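Shown below, as structure tokens, is a lone chain in the form predicted on its own; questions about how it binds or moves come after it.
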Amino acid sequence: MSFFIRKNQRGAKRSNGAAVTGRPKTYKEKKRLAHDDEISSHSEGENDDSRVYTESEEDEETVQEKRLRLTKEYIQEIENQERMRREEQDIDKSVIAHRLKEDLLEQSGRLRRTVADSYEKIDEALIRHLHCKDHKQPITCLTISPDCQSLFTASKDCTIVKWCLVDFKKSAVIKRVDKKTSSEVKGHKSVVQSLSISSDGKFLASGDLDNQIHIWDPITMKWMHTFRGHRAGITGLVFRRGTHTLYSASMDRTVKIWNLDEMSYVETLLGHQDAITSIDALNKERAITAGGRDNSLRVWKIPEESQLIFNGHQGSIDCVRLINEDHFVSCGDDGMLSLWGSQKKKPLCSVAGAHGMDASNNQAFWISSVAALTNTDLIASGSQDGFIRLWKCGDNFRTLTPLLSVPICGFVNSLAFSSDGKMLIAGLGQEHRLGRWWRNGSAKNEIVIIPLKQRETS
């Protein structure tokens, strides 16, 4: 009995196991199960990890291509920027090299820029005339600030006026000081014959016929110091470029050197036989002077304690200006305009009667002032013939060719080019700055600003 019970139980277990495992008993069941297996295998294939990995791998590859493209674009942009930076550096280096070369040539006196032919005809409608009540008498001298923003003028009424070259208005005045006024009040008591400003714009020097040199702050126009030592009136002042060394020329026939860093006297140069009428200097430690009626020009080599003497004018030499370290231009009452080289004692070129002949006395017009655009071939001259004339210096400074002329009225007592070559400024008067031999009543005591325009180079 127990045997059958155990047997039935085992069969029940097997029957249950068959139900669980789904073992096929007939052909139809086998066929159905086989079909289900195929469907199941397809379903499993759709969810197969390897297939999912393959499809995701294809999607990932597209992203990588995009990243690769963006990376290449970024690298290309960096390369372009680096190339532009190198090009800019090359340009900057070339500009710096060009500037250094120019500075070296300028210091050695070999810098040459040919600009005279590039200037256009002057439009007279653009010429400005500056007047003020502080300059009631003839203008005697002027100087332009290194940045070309300010102009300083002086006149026979003992005043100094500062002008703004942006709006062309008067910005400050140093008035005349009465001789009975206390010495605490600073100013000039006699005619101011010379002005000069340092190349960094820190000092303005003015000299008068009372033998005094006053130093002013060009910005505030406040007094800073007074030099005394000359025994006659001051006729010329100039700063050595790039320094605070001041050279002064006087009617006492001497040149004195002053150090403005220490506000002290340095030394005196002797040699001229008559009153010195003009002085100029550039970068080198040397100065050039005109000796008036001793008919000589002198180049003072200060470190060597020597001087070079040049002769060629037939009368008083009233003005001299350096074109560069090796060449200079002079003029005088003989009506001659002369070009010089430091290696020759005689003029390289002279133009007799450069401003024509005076019909009243059949003599050449007295040339009272000259100016030179430094290190170029352009110079200007002024007289009382009614014109300011511009000239071109030829090759090796062997010729002088008339270039342009500007009609004016009066004595041209002072001329100066702005450092950028865009202006020529003249100080005019009814009388000559050195005396009262003639008087032109129809002229005005004024400052004339002549704009200069260069043609654009293609």
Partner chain sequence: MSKKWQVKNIVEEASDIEETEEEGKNEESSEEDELSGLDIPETKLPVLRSIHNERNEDADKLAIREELSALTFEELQKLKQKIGSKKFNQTLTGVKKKPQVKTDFKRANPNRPREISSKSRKIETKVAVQVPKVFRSDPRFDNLCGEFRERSFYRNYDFVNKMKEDEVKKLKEELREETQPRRIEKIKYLIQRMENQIRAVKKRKLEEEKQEEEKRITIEALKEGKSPYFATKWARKERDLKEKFETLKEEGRLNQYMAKKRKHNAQRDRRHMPSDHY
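This one's a predicted model, so the numbers in the text were calculated from it and none came from an experiment. Positions refer to the first chain, counted from 1.
Another form exists, predicted in complex with the partner chain; not displayed. Remarks below refer to it.
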Contact at Thr374, Arg389 and Asn413 by the partner chain in the model of the complex, all three, heavy atom at most 4.5 Å: no
Quick check on this chain: which one of Ser190, Ser342, Ser150, Ser199 has a heavy atom within 4.5 Å of the partner chain in the model of the complex? Ser342
Among the candidates Arg85, Arg231, Lys186, His131, the residue which, in the model of the complex, approaches the partner chain to within 4.5 Å (heavy atoms): Arg231
Name the stretch, out of 115-123, 357-365, 239-247, 270-278, where some heavy atom lies within 4.5 Å of the partner chain in the model of the complex. 270-278
Does Gln307 make contact with the partner chain in the model of the complex, using a 4.5 Å heavy atom cut-off? yes
Touches the partner chain in the model of the complex: Tyr265 (any heavy atom, 4.5 Å): yes
Within a 4.5 Å heavy atom cut-off, is Asp294 in contact with the partner chain in the model of the complex? yes
Using the partner position in the model of the complex, report whether Ile302 sits within 4.5 Å of the partner chain, counting heavy atoms only. yes
